[in-house]
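Single chain ahead, written as structure tokens, the form predicted on its own.
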């Protein structure tokens, strides 16, 4: 059998890449797909005997770490392998290329959203955050406290919303696990949501301003008007709700929960620490299911451990094992707390031992060292070290990836 060749594409080939990758999934072309290639920064095809059998691409995203600092992340996306070329090594070859590219460009972390959660751990990716799907009937969505908005809401034309979205997203430094999207990336979202989808209307954008007129939040949603026996039974499909403070957050939620002709609100990407859960009068009526979300692959341990903050002031020696990347494997001492952190390689005896995927899982504070130890993924070398690591790496609020790429 011939060796698989990985071909790095020029930007002029990205449009062809998107069509090729989409064909591997066996799906009909999506609305707005013709815009996707503008958001990509790197793309590759896996070839075998001259035939394209695999595809993968990367989008540049700043990733927010615990404490608010941001690091560059390669967002791996549009990964697919032809159904006629399974188990020939195409996926591994592409994942290896993504890893080498990040190392060569000093990118400290890779991230992806897995179509199947069983695939990527063998390549060093760990589940770093979780997301919810939420639904509530508006008849049972009253808040347990009276809320009067000191600011105001206003509608924003969809094609005028990109600067607003980017401005608010850039100021949300407390949302661990969040990313910053380019204008091109936002425009892809517009292309996918500007036309009706069956009975679902185009996207509506509502912005919130505080009492001084400063923008501090937005909600994007699509309305599906339905009727049953002459009675309204509409649904608001809430795509995203982002706010910089509680007043804006509640005002935007109140808006979607109190719309005329709407009986149901559904949100596919619901933040698991959303204060709405504590504020609805009948919390059981807010139905939330949880799934894995952002998967992270550590590339530069020192850079990542130095950039984040820690809930407990402490010092630990962490031994990282990584069969795929010798540059990552080794022992690291991290000393840190709420005010800063220092990390460096060391020859000291390890307190805990874990693999690169486990470190990726712990990076945002959503998965504890103790939980990983109970699964025999983290080993404790010094008594009490796992408890200390769990306290040190924990973070509140829980991470929230604002957009799956």
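Numbering follows the first chain given and starts at 1. Note that this is a predicted model, so its numbers are computed, not measured.
One more form of this protein, predicted in complex with a small molecule, exists but is not displayed; see below.
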Stretch from 137 to 145, 270 to 278, 250 to 258, 121 to 129 whose residues place a heavy atom within 4.5 Å of the small molecule in the predicted complex
121 to 129
Proximity to the small molecule in the predicted complex, single hit among 234, 151, 330, 113 (heavy atom within 4.5 Å):
113
Taking the small molecule in the predicted complex as the reference, which of 244, 81, 188, 161 has a non-hydrogen atom within 4.5 Å?
81
If you check in the predicted complex, is residue 86 within 4.5 Å of the small molecule, heavy atoms only?
yes
Is residue 312 one of the residues lying within 4.5 Å of the small molecule in the predicted complex, judged by heavy atom distances?
no
Answer yes if any heavy atom of residue 285 is within 4.5 Å of a heavy atom of the small molecule in the predicted complex; otherwise answer no.
no
Can you work out whether residue 291 and the small molecule are in contact in the predicted complex, taking contact to mean some heavy atom pair no more than 4.5 Å apart?
no
